[in-house]
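Here you get one chain, nothing else, as structure tokens; it is the form predicted alone.
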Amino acid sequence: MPAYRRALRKLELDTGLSVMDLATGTGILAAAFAERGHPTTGIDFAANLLNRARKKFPAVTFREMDLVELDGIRDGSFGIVSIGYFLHGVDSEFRKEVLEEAARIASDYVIVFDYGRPGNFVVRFIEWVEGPHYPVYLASSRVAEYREAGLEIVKDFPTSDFGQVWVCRHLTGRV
């Protein structure tokens, strides 16, 4: 959470912008937004993680929902759509789908926190155990991947030795 807090302070986002945090898990990124005053909703399909998040972060609204159900959310209904350390764990086709849906749902920004460079041995080992997508993610271009989803990176910077944040807007200028 400290890395999220530092990054959000640095971004100086308008706290009037509502946030939808995709694949929120235990709600840490959603809570960092809520601490700054953003009306925040976190979604995830894992009920056990959401129950922990609800107990720990009561200021955030948490909804049980799978990312394949995002088409039920109205276009531009959240100022910011955030995704924290999720995209590296899925294949490139699903990453593109999630990014396209995030772009559709966001009226202003899509903000992604994830790996920007290889982690230490422990991180690499954990990601190896979890599946094959981490090395492919690191080897692919965020600029190209976001562009393909209709987004352009307007700001990015490291959040740790291996973490990075990308702030994106729509290529069409809507965001």
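Nothing here was measured: the structure is a model prediction, and the numbers come from that model. One-based numbering along the sequence shown.
What comes next is about the form predicted together with a small molecule, which does not appear here.
- Taken together, the three residues Tyr4, Thr24 and Met65 all come within 4.5 Å of the small molecule in the predicted bound form, as judged by their closest heavy atom.
- Proximity to the small molecule in the predicted bound form, defined as a heavy atom within 4.5 Å, holds among Ala59, Leu138, Val123, Ile28 only for Ile28.
- Of the candidate stretches 37-45, 144-152, 51-59, 104-112, only 37-45 has residues whose heavy atoms lie within 4.5 Å of the small molecule in the predicted bound form.
- Contact between Phe86 and the small molecule in the predicted bound form is found at the 4.5 Å heavy atom cutoff.
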